[in-house]
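Shown here is one chain on its own, the form predicted alone, set out as structure tokens.
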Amino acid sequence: MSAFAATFRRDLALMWGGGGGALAPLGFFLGATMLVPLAMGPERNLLAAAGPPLVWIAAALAVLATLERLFQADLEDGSLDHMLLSPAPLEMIVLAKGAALWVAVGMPLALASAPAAIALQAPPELVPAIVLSLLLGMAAFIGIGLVGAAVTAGVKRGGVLIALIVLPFFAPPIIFGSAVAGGEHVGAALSVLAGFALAALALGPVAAAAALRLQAE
């Protein structure tokens, strides 16, 4: 089994087996989006105008909560040392961890955006585009988040520091994702999101691997 496949399977098992760890961000996302209609009142036009883009805010915060332990747990149990000593490229191992996070957390969040968007009065014909945009956006968030998680791997309670590092880079996907949720220039916005996702997945593992090597020195 390749290092990529072994790391992917290990992390996927840990995320789903570690006390339902992957369910916590999903529960946060659904809870946040389902409470918005209660907070905004019975005015359907207001909810239809402001509600669907909130799906993106809730998704960004949900995935942000998963980043703190991504490399910190490997540092504490010694797995990070094995990764650094592995003959396989560290960038590939980091990419495998990101892929596992996307499958365990990113994809369920994107699929859960369908009922959330409907609850927020999104037009039904826009729901497939919102789900597709979240699939791309989750890949972008995780690619960026790998860097923040790697930089703060040795920092206790580094959640706030991760937020300070990655949230500015979350802004472009949120802007274009909100455009999709609002039904504005959907095709162009999806193309930009695909570009962000590819760039984040190409550069994120490289930058994260470099940060992990620096911490090991």
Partner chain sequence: MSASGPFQDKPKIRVDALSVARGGRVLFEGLSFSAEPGAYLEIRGGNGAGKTTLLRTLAGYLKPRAGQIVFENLEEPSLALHFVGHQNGLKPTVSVASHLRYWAGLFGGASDASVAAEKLGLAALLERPARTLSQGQARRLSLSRLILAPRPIWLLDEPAAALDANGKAMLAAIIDARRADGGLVLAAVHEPLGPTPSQTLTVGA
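Computed from a predicted structure; not experimentally measured. Positions refer to the first chain, counted from 1.
Missing here is the form predicted together with the partner chain; even so, the following discussion is about that form.
Student: Spell it out for me: taking the partner chain in the predicted bound form, does every residue among V127, I174 and S178 have a heavy atom no farther than 4.5 Å from it?
Tutor: Not a single residue of the candidate spot has a heavy atom within 4.5 Å of the partner chain in the predicted bound form.
Student: Which single stretch, out of 85-93, 117-125, 134-142, 102-110, brings residue heavy atoms within 4.5 Å of the partner chain in the predicted bound form?
Tutor: Looking at the partner contacts, the answer comes out as 85-93.
Student: Is L14 one of the residues lying within 4.5 Å of the partner chain in the predicted bound form, judged by heavy atom distances?
Tutor: So L14 counts as contacting the partner chain.
Student: With the partner left out here, which residues of 127-145 have a non-hydrogen atom within 4.5 Å of the partner chain in the predicted bound form?
Tutor: Result: empty, none.
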